[in-house]
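Shown here is one chain on its own, the form predicted on its own, set out as C-alpha cells.
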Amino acid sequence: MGILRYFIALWASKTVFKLLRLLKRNATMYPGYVALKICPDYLARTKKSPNVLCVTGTNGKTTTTNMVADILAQSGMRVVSNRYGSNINTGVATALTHSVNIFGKPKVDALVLEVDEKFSRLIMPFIKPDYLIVTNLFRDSLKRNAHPEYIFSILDTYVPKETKLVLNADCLQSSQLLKENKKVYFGIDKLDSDVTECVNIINDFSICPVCDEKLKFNYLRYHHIGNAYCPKCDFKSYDADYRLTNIDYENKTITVLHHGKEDVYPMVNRALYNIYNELAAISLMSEFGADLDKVKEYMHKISVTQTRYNESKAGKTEIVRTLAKGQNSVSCSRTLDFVGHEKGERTVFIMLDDLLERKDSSEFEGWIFDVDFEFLNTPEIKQIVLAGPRCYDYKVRCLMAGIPEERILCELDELKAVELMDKDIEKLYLLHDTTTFDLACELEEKMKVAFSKAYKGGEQV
C-alpha cells in the first residue's frame, strides 16, 4: 500500500505542477504540499540523484544555493534546485518531484537544495545530503526562530552523521556544529576594516561555551563573525581550510588559499556577505571534486539572483535594489553596513514591512531596535526615504541613531514616495523585504521613469 500511495503522490504532484504552470503560477510549493498530503513519507521514499548537496544557515542560503546550482549546470550536469527560495519541506518535495521521472527513477545528476534551518528536522533525516554548507547562524525572527542556539540544536540533532559539512570558520556559532561529522572550514583573513570590539547591537556569541569567560577577538568583522579565543581555556576559532587571503575591489577578484595553493576567482558581488557566500560555494565545489579552473570560468557568468540584488540606470542615477530581510535584524544591519560604507552621495529608500502581516497589522516591531541604523548616519547619505505602514517606526529608530530629521522623508504610500523624493541624485539604494519584492520591482520601474524624466528635463526636485 505504501508504494502505491507514493506513486499516486508523485503523479498527482507532477499533474498539479503542470496545471499551475498553465495558469502561469510559480508552482514552487503546492505540488510538494499535495505530494506530502497524500504520502507523508514522500521525502524518504523518493529515490535521490547520485549527488545531493544542501545549503542552510540564517543568511545567504538562496544566493549560495544558486551559485552552486549554476556552477554544476554550466559544467554539463543535469541539476534540479529549489532556486527560488522554496526551502521548507513542501518546496523540497516539489524539487524531488522534478528530479525523478513518472516511474520514480532519478533523471538528474545532482540535487542542489536550499533548506530552511528550522525545517531541517523535517528534511535532512530523509534526504540525507552528501554535503551541507552552513553559511552562518545569527539571531533571526524572534517570533519564528527564537534564538540561534535553538536553531543550532535542531541542526546538531537532525543532520545525518554521514553528511560532510562545509562550515564558516569565522562564525563562532555554526562552526561548532556536529562534532562527529567530517567537515571543512572556510574563512576570510584579517581585513583592514576589522576591529577587536563589537560595534553592533547584536553579538550572540561573546562568552566561551566551555568555561563562560568573556571571549577575546584577534579580529572581529561584525556581530560574532571573526576570529576569537578564550583567555582562560583552550577554546578558539577553527582554522580555515579555504582561506580568502585577498579581496581586490578594483579588479573585482578574490584570492583563495587551499593546500598551499592560491587561486584567483572573479568577485561575483562586492558586498562582504556575498563574498562569504561565494567562498562557501567555491569550498563546496572543491570538496565535490570540481575542476577549479573551470569553476573560475563559470564564476564570470554568475551573478547574484535579481530577487536579492540588481543594478540599473535611469538618467544620471544608478539604482541599486537589494534585499534586507524584515524581522531579521542582522540581515538588515549587514545591508545598512554595505550601503553606509559605499562611496559618493546617495539616497536610501527603505520599505521593509511584511506584506503577509499587513492585513491584521500584527507585525512585531521590536526587531527594528536591534538594527544598526547608525551605519546610515553619514553626511554622504543626503536623504533617507522611509515608506510603508511602519515608516514612522523606522523614523524613530533613525532619530535614535542621530540622523538629522531634515534628511528623513516619511510616506505611508510607497509609490507616492517616489514622487516626493529628491531626484537630483547620483545613486539610489532601494532596500526591500522578501515579501515586498514585487512591489520593489514596481517601484524600481517607476523610479526609472521619474529619474529619466528629471534628467532629460533638467528638473531639480
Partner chain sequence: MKIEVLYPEICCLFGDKANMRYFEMCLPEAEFIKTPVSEMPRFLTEDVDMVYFGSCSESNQERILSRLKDHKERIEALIEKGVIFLMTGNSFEIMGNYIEKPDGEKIEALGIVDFYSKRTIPQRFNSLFLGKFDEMDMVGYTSRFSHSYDIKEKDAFMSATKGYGSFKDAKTEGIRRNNLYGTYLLGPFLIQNPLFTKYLCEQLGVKEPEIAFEKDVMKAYEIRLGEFKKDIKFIC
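On a predicted model such as this, the values are computed, not experimentally measured, just so you know. Positions refer to the first chain, counted from 1.
Another form, the form predicted together with its partner chain, is not on view; read the next lines as being about it.
- You can rule out all but one of 424-432, 398-406, 24-32, 57-65: in the predicted bound form, only 398-406 has residues with a heavy atom within 4.5 Å of its partner chain.
- Heavy atoms of no residue among 262, 278 and 298 are located within 4.5 Å of its partner chain in the predicted bound form.
- Put simply, of 318, 342, 374, 287 only one has a heavy atom within 4.5 Å of its partner chain in the predicted bound form, and it is 374.
- Contact with its partner chain in the predicted bound form, judged by any heavy atom within 4.5 Å, is made by just one of 98, 308, 258, 390: 390.
- Although the partner is absent here, residue 84 is not a contact residue: none of its heavy atoms lies within 4.5 angstroms of its partner chain in the predicted bound form.
- Its partner chain is not drawn, but in the predicted bound form it has no heavy atom within 4.5 Å of residue 380.
- Proximity of residue 303 to its partner chain in the predicted bound form falls outside the 4.5 Å heavy atom cutoff.
- In the predicted bound form, none of the heavy atoms of residue 223 sits within 4.5 Å of a heavy atom of its partner chain.
- For the partner-free chain shown, 139, 142, 143, 146, 147 of 110-147 come within 4.5 angstroms of its partner chain in the predicted bound form, judged by any non-hydrogen atom.
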